[in-house]
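Only one chain is given next, in structure tokens, and it is the form predicted alone.
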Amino acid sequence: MKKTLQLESISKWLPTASKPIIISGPCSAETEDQMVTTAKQLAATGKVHALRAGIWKPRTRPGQYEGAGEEGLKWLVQAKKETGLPVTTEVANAAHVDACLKAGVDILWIGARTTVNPFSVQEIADALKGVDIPVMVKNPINPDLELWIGALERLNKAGLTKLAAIHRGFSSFEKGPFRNAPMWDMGIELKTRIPELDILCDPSHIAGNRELISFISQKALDLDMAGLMIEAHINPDAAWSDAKQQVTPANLAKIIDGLVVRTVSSDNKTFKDTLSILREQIDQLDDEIMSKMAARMKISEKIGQYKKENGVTILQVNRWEEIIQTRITLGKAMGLNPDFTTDLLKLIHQESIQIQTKVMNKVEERV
């Protein structure tokens, strides 16, 4: 179901001459020289539209660098003065908000560890009532779309209309090639639910590795995200936090130059006609798939009834293993990705289990 928020497009509060919007700067503001020098080099590329830096760093375990605190705000504002670029930093409570507003920070963002806590988000929203400042909201650590939307709604109800979302990936127990699982479908669903909302991507936190930033950035742009937040440092390997995922300003420029920026649509008549024909074919196939799926679930219902009458359990492990093996093999032969086939089968099996459970627990009416 779509959500309606009163929003101003990012193009109005962070106007840029080129697309995509690029926000960059060090993971943490470490010293004034590091902050200002990095900012100057980023500004010199001509490709950065706003500067970022962490002032307060929420670390998983104590003993790691937790940010410069309010002193770092002075460095961030000095970088703004020397480059002319607007600046942004993360806030996690009302005290952070107050300090940033007094210092002259242009844009705030709420981090993943804060988005997950409605109490903290509400505290920030209350502190910002009556203040006209842009706020960007990162997705929560866990893949909970309602929490993400809820944070945006709390800010909007406080009168904030200059809002954007940042997709930075989600924590996962499974170890993959990325620091945080992208789960692109979460960003797509957010855009579907709130079409007027601008979404940026944070490839640095998704990747956790500078070698993957270019790949993730291109993927984000291909999904029509409005911009990128990429961490950059004058000496990434010596950074006091998240060294592996930061790039130099020069390498940032190379990454941006290598990106292909595509349009949402084309005015070319041949393109539109061909796309229309292909979409009609998709629509027809989807109709057939839905019809077949409904028929399949009807059979699952009959199976549930038959099991009930014969005192047989719903779950048949051997049968499920057989389905997985045969369908994945068949899917492979047809050119389908095994991971896609597995995920699809799990969803179908889950629905079949639910249908059979209802049949099993249905109390028969007595005449």
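Residue indices: 1-based, along the sequence shown. Quantities reported herein were computed from a predicted structural model and do not represent experimental measurements.
From this point on, the text means the form predicted together with ligand PEP, which you will not see here.
Clash check, ligand PEP transplanted in the predicted bound form by site C-alpha superposition, 2.4 Å backbone/C-beta:
With ligand PEP superposed from its pose in the predicted bound form, the site reads as open.
Selected contact from M35, C27, L51, A68, since only one has a non-hydrogen atom within 4.5 angstroms of ligand PEP in the predicted bound form
Contact with ligand PEP in the predicted bound form is made by C27 alone.
Counting only heavy atoms and a 4.5 Å cutoff, which of 142-150, 104-112, 122-130, 69-77 contacts ligand PEP in the predicted bound form?
Selected stretch: 104-112.
Using a 4.5 Å heavy atom cut-off, state whether K57 contacts ligand PEP in the predicted bound form.
Close contact exists here: in the predicted bound form, K57 approaches ligand PEP to within 4.5 Å, heavy atoms only.
Any non-hydrogen atom of H96 within 4.5 angstroms of ligand PEP in the predicted bound form:
The answer is no: H96 has no heavy atom within 4.5 Å of ligand PEP.
Interface membership of K138, ligand PEP in the predicted bound form, 4.5 Å heavy atom rule
Heavy-atom contact with ligand PEP at 4.5 Å: present for K138.
With the partner left out of view, is R210 within 4.5 angstroms of ligand PEP in the predicted bound form by any non-hydrogen atom?
Result no; R210 lies far from ligand PEP in the predicted bound form.
Looking at ligand PEP in the predicted bound form, which residues in 154-168 have at least one heavy atom within 4.5 Å of it?
Residue within 4.5 Å: R168, and no other.
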